[in-house]
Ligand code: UDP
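Here you get one chain, nothing else, as structure tokens; it is the form predicted alone.
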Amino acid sequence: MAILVTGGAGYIGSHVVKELLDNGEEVLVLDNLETGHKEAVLGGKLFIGDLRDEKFLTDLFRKNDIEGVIHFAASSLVGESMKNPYKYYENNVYGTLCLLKQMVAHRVHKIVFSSTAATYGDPVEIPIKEDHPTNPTNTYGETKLAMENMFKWFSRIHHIDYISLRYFNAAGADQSGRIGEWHEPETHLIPNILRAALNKDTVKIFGDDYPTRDGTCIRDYIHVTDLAEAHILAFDYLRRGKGSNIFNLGSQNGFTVKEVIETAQLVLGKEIKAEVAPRREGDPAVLIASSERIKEELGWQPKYSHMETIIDTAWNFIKKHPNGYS
């Protein structure tokens, strides 16, 4: 039986596909390639299409023996979500509803879901635990929370077991450098730092007056390979009949923006120019995960999430793909 990976041509999805293949799994990849790259899919069967296309999705489920789903397919830009909420509800929430309809119809009862720390909103305590109040501050986080709630009710009514993985800041690239992070536009700090280094450009620091040790935001960064390993463990958890659950995914370490830039300069051995820009609306000062639950329940341990390793692997990918997958 196969595992269906929706959004499997995207940044995190492609790394999960690679890890599944390395573990000997049969993999089906579904992606509409709006933000994904077919060159990032290193194996399995690629189906190019959209979750909202009922005929396409019905045929995919009918013609393949699917054991379960790992679900990444979604729009994920916070800023865009505040300008075009329709797109985020239609793509994320309705798209997931279409997926669940097919899972029920074809008796597929396992799903691992790519969620986000944006479901929490502004933290009231650090580190953030899974029982922290959920109060999203943007449309993106609100749609992800709506999707989690959909899984809860489909689990109760249609017996679909789910694991929701709430990511903090995914970063880095596969050790081989074959796949990594490439978005247009790019909104994430580390790839923007590395692109600035590659192109002798300037990276922006959005605010330096936060109540942190150097005035810049603190974030919890987790290596994408560690994220991928967590998905393998989560799917195995469902295979063993352990039931539904929600887990944070972070390294439990916080780095300021300035510290990330300083580490990149040390790893690359070159100066990286930075300039301070106004704060971005809705940026919390500190976001750090508590990952104790996933460590206890799944035995997960991050292996690659030292900042030097994250930057080194991301730089390796950028050097090999200076213009992206094109």
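Since we're looking at a predicted model, the values are computed, not measured. Counting begins at 1, following the sequence as shown.
Separately, the form predicted in complex with the ligand exists; it is not shown, and the next lines address it.
In the predicted bound form, the ligand stays beyond 4.5 Å of every heavy atom belonging to Tyr89. Arg280 belongs to the set of residues with a heavy atom inside 4.5 Å of the ligand in the predicted bound form. None of the heavy atoms of Arg166 is located within 4.5 Å of the ligand in the predicted bound form. Among heavy atoms of Val69, none comes within 4.5 Å of the ligand in the predicted bound form. Put simply, of Ala197, Ile232, Ile205, Met150 only one has a heavy atom within 4.5 Å of the ligand in the predicted bound form, and it is Ile205. Site annotation in the predicted bound form: the residue of Met103, Cys217, Ala74, Leu227 reaching within 4.5 Å of the ligand with a heavy atom is Cys217. Annotated contact segment (heavy atom within 4.5 Å of the ligand in the predicted bound form): 280-288, selected among 25-33, 50-58, 280-288, 262-270. Using a 4.5 Å cut-off to the ligand in the predicted bound form, each of Asn192, Tyr221 and Val257 places a heavy atom inside that distance. Residues of 175-189 placing a heavy atom within 4.5 Å of the ligand in the predicted bound form, in sequence order: Thr187, His188, Leu189.
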